[in-house]
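For reference, the chain that follows is the form predicted on its own, supplied as structure tokens.
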């Protein structure tokens, strides 16, 4: 239990013991740290209900709390504020014992097996800015869950099996009809190399999509190609399947390079296609349980409920052309994940605009018994990253911006703000740009859209990645200089200045911040805390001359405080997949 929660429990129980019904969280860090460390305003919430003066309620509680020897001072201020301060050495001792070696696992008493589905790119096309948010949020949430001691698996879940593959294959056939993949009589070995490159696919994919939308005949060819690919009893399946394998192979190789640059890593590189082998078995069980209905030649699961204010469309398990679509592969993926991993929770870090899709699939999963009622299926939806015009971020010519272009744009902005005398400026600029993008993405509420402002996000001041990174670099530099001058990291002693007190109060917030972020499946709490912590540290650093301090005990205590903040920075920036440069 965190220190704030411990104090909260003591104060809360005192209210309850005096026959008051109170909220769960009634103690917070004081708004006036010059007067007290913590405060409780619950007396105001109780005054009307119990028809008492709030100050009378507060005094009643304070008189009992004074009996607890952990409090140095506890008093009523104004009309009913309860001010709380601990004994002088209490917080220093608590920080010494709990943050010298940061282990977040001890704050999570209910460890689980969690599968995080994030990334979700379609094969045969490069990553664009729309893939940035699921990568950043998914990687951060996965690392957070791991740091809290959960057994966590991340799956990229590639889009490699739907109609887009049929479009691509039919377009390749249209261009290169003589390829052996389209010869139904071919019996030899298929080529080891793909007939097209990744760059070719980057052009083929949008061209095929546009043609299919404009020409119903081309769309029908794409549907037929999809069906041939997905059904091994159809003529031509083997060639289509072999071509598909080559397209996936070169695409995944390219995607891995892009994700590596973002420091985003997946335990599983699976796609929609991987669940294909489970679909017949799943459909058999659905039919056995009378869950499938015929609808105009398609097989569906009704998921609408009487309590719905608007009708929820059914889940389409098989289309009338005998192919499986996005909903069916999603459901089959859940089916397979439950059989193979049996997770307690599955988190889907996917665009918020797919909320209806997940509501349909989750209902089908629970209704069919594919997942038990106590298994959590959670859609961690997110908003879009927009340009200054408020519309989804585009290139200057109006096209979809590749992720590599966004990184390059941000690196240039970061490079322009780096000291010209620093060596390896380009390498440092790349690290800063990466951190700036990830921090800026997380600072906004996950569920809302936000505007990408490259100049603002690469600024060294304010709530930005570069500001936090600069502070982390400063602490690391201080620790190196101290080592060079034989200055030791000692033991924390009682707070002597307001700056020390404020910094310590920020440090003790860490467990509550982490658990709140985990509960909300959000990273904004972490990055906001990083700003608060480092702002407090920078004030402390500027007002306390650490390296020149003559009092050795005080100097070593300040070094310990610096070391702890540095360790928190490392831990939280690691969770965010943000690297710390050597210099800035």
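In this text, all values refer to a predicted model and were calculated from it rather than measured experimentally. Residue numbers count along the first chain shown, from 1.
If you look for the form predicted in complex with ligand ARG, you will not find it shown, but the lines that follow are about it.
Though the partner is left out of this view, residue 161 does not reach within 4.5 Å of ligand ARG in the predicted complex, counting heavy atoms only. Shown alone here, residue 272 lies within 4.5 Å of ligand ARG in the predicted complex, counting heavy atoms only. Taking the partner from the other structure, ligand ARG in the predicted complex has no heavy atom within 4.5 Å of any heavy atom of residue 435.
Ligand ARG in the predicted complex is approached by residue 117, whose closest heavy atom lies within 4.5 angstroms of it. Here the chain stands alone, but in the predicted complex its contact with ligand ARG, taken as any heavy atom within 4.5 Å, falls in 342-350 among 449-457, 78-86, 479-487, 342-350. With respect to ligand ARG in the predicted complex, the three residues 139, 154 and 378 uniformly fall beyond 4.5 angstroms at the level of their nearest heavy atom. The partner is absent here; in the predicted complex, the one residue of 90, 181, 467, 358 having a heavy atom within 4.5 Å of ligand ARG is 358. Scanning 122, 227, 194, 506 against ligand ARG in the predicted complex with a 4.5 Å heavy atom cut-off leaves one residue, 122.
Contacts between 306-331 and ligand ARG, taken as any heavy atom within 4.5 Å in the predicted complex, involve 326, 330.
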